[in-house]
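As a starting point, one isolated chain is supplied in structure tokens, in the form predicted alone.
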Amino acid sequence: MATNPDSVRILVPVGMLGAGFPPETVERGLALGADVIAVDGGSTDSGPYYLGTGTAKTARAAVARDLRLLLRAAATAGIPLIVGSCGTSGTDAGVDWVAGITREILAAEGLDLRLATIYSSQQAADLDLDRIRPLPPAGDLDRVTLDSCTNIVGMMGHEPIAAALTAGADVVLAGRATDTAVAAAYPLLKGMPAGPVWHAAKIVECGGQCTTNPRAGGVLATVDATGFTIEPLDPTNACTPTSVAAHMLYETVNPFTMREPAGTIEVGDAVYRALDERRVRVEGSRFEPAAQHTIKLEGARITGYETMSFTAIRDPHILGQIDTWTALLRKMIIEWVAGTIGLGEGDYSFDIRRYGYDAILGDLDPATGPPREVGVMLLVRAADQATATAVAKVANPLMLHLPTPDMDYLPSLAFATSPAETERGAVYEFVLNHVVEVSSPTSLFRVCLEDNR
């Protein structure tokens, strides 16, 4: 009977598949004895479009480049490769997209690796509203909202990935998964304690983000019975207690706790200690199992169609009164649209964003004084594309020549493109921030092991 190892080494080459990494850093990870390669393939960071459409934000060539290097490494070392949240949002289409690239590489390289895919897309009709509860600040979910989603995914924990590995997979391509589950699955399967495993998985989820030079490549985490050690794959890079501990601030409500489907990571008692100039040791992490296993649901739906215009202002007189000019632009658009195409404010909506002034921070921007130049983005949203474009075209003369009330001449502003209007198509919004109670950690997910040997 096989015994569990004393430690497990997790190689995380980069924060997201397709972002690129120095090949030599992966080679060094193998030389250091990596037992598994784990990498995230997606995120909701880029907004709801990718989930709504089931398409990837990354270029196919970039994903193929990274996969080729990682598949070669996995085959050379005889260790598993795990990719989570395939195709950005982890839809079934995203998993199939990454799986297709993987099969092409395996065939071209002559690599004998067994592939498993894990599907996480959910059908609205199959979800029981009585077992779904909201996460703050969302409210209770109704059937109409659920049915309106173009795509719904469940966010798996480590259990479906571990099931694929147990079944004999060398390469696991998972649908939507927690970032930490991707790195936690293998060491948990090998008997490592949950506290250090989940904490280490959180720290390494973004590759080199926990180092002093995040651009230098990924990291290697070594998990054992009492804690874990983190070191960069680039020998010129370093981890410090501060750089490692700081990653618990990343995408968390509370830097001392973080919820997973199976329970909660507790790191309030963790101690971060420098072993040398490059490596950090962490001990004292705990994992508290939950009384009820839950799976987070993510869903997106179409909220309208959008047309964009972008113009630029260099006129110092307008820039000195940019708030007055913006208020006038808003007022004139409403009046001109009503007068020319007969639409009221309830028939469409629009947003004016002033890049170079306050488009990023809004009222929180501490800058004072007029800017040197400002780019003005007009985003028009309506129930159909034709209406959105019609409104943007009505606004066209205003975005080209609108003066402030005290100007006795018509300024000429600078459109960025010709035509000035760009149809952006369907616009999506996230509408699910809920969890569903499940009787089994794997019940919502489908593991498919390919018999390619």
Partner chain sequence: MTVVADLALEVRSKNAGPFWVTMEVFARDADAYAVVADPAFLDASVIARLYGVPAQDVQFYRIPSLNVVKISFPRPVVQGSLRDHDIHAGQHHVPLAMLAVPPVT
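Note that the structure is a prediction, hence the values are computed from the model and not measured. Numbering follows the first chain given and starts at 1.
Not pictured, yet referred to below: the form predicted in complex with its partner chain.
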Practice problem: Name the single residue among Thr150, Thr76, Thr340, Thr252 that comes within 4.5 Å of its partner chain in the model of the complex, judging by heavy atoms. | Solution: Thr252
Self-check item: Answer option from Val144, Ala225, Ala107, Leu364, heavy atom within 4.5 Å of its partner chain in the model of the complex
Solution: Leu364
Quiz item: Would you say all of Glu306, Asp351 and Asn433 touch its partner chain in the model of the complex, counting a heavy atom within 4.5 Å as a touch?
Solution: yes
Exercise. Pick the stretch from 342 to 350, 116 to 124, 278 to 286, 321 to 329 whose residues have a heavy atom within 4.5 Å of its partner chain in the model of the complex.
Key: 342 to 350
Quiz item: Should Gly54 be counted as a contact of its partner chain in the model of the complex, where contact means heavy atoms within 4.5 Å?
Solution: no
Self-check item: Touches its partner chain in the model of the complex: Thr404 (any heavy atom, 4.5 Å)
Solution: no
Self-check item: Touches its partner chain in the model of the complex: Ala312 (any heavy atom, 4.5 Å)
Solution: no
Practice problem: State yes or no: in the model of the complex, is some non-hydrogen atom of Ala246 no more than 4.5 angstroms from a non-hydrogen atom of its partner chain? | Solution: yes
Quiz prompt | Residues of 39 to 56 having any heavy atom within 4.5 Å of its partner chain in the model of the complex, listed in sequence order | solution = Thr44, Asp45, Ser46, Gly47, Pro48
